[in-house]
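The data below hold one chain only, encoded as structure tokens and taken in the form predicted alone.
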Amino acid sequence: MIRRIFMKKKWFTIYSGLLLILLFSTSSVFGQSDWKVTDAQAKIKNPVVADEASIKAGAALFQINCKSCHGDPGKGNGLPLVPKPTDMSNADFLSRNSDGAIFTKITEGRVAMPTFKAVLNETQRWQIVNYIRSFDGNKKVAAVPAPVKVKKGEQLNAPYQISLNYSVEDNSLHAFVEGTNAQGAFVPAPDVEVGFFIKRYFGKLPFGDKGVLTDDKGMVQAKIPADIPGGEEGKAIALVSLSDKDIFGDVSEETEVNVKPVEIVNLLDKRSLWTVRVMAPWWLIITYFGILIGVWGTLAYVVFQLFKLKKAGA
């Protein structure tokens, strides 16, 4: 009997060990397997020019959204996960992944890698791609085509579009507005009134100069006020839109910006008359229970006396 129990324990230990080995090896295989995208996704063209402003914006977004796991490019200080998050300056990674592949992975996510589709707009995701690609030593710098200029008196039509570039250094938001010319190409839209807002739960908080117009290059900027509160993390969503919807349509773009961090004070932490029961003032609690004990004590005394009278009458 004892031998049989011993053999059962022995086989249980062996099976448990094999199961653990299988689980760890499976986890390792899934973790280290190459993350591939479809050919169509890999061939997606990057619509955002990899200029200094775009790379700078991508660096700021990388610091906020990616650095916590991947670490600083080139320093190998990513989180010690299994598998370890890729160093974005890794030459092998950059050679095997096109801009479209990196953009797809940022957009969709996988397992421990979250999806950023709902967090960052397309322009911001491409800006991160441009920042990552800036570490590619084999990258050939593409010639940037000269911007299409607007002819004096040229009439622009819908559709219009807005591109945003947030500067962390001076906490300003730059908007680039384009309209459609007679040939159907997007060109800078001058003298267009633009509104800058911070999104709130119950509306939009305007900031910047009222009635500000784009310059001849379709550019306009506004500095984000330092006193706008944004919760404990000091983050907010900025909204930029074209003011005249009858002419331009409902055109807007959003991006995350830094605002003033505000410590959230829990009003229930202090004892006061209007708070919850457990945080009520001590004198109120003592008074309440004193009255409660007095009332029930009186009722108990009356009932006791009634029993005494009944017993005496019997």
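Computed from a prediction, not measured in an experiment: that's the story for all the values here. In case it trips you up, residue 1 is the first one in the sequence shown, and so on.
Below, we turn to the form predicted together with a small molecule, even though it does not appear here.
Novice: Counting only non-hydrogen atoms and a 4.5 angstroms cut-off, does Arg133 reach the small molecule in the predicted complex?
Specialist: Flag for Arg133 set to no.
Novice: Would Ile198 count as a contact of the small molecule in the predicted complex, using a 4.5 angstroms cut-off between non-hydrogen atoms?
Specialist: Flag for Ile198 set to no.
Novice: Examine Asn65 and determine whether its closest non-hydrogen atom to the small molecule in the predicted complex is within 4.5 angstroms.
Specialist: Asn65: contacts the small molecule in the predicted complex.
Novice: Give a yes or no for Tyr166: in the predicted complex, does one of its heavy atoms lie within 4.5 Å of a heavy atom belonging to the small molecule?
Specialist: Judged by the heavy-atom cut-off of 4.5 Å, Tyr166 is well away from the small molecule in the predicted complex.
Novice: Give me the residue from Val192, Ile102, Val240, Val220 that has a heavy atom within 4.5 Å of the small molecule in the predicted complex.
Specialist: In short, Ile102.
Novice: Just to confirm, with a 4.5 Å cut-off on non-hydrogen atoms, which of Lys204, Lys235, Lys84, Lys117 contacts the small molecule in the predicted complex?
Specialist: By the 4.5 Å criterion, the partner-contacting residue is Lys84.
Novice: Residues Met88, Phe93 and Ile106 are flagged as a possible site; in the predicted complex, is every one of them within 4.5 Å of the small molecule by some non-hydrogen atom?
Specialist: Result yes, every residue of the spot touches the small molecule.
Novice: With the partner removed from view, which of 207-215, 166-174, 68-76, 181-189 is the stretch that lies within 4.5 Å of the small molecule in the predicted complex, judged by heavy atom distances?
Specialist: In the other structure, the partner sits against 68-76.
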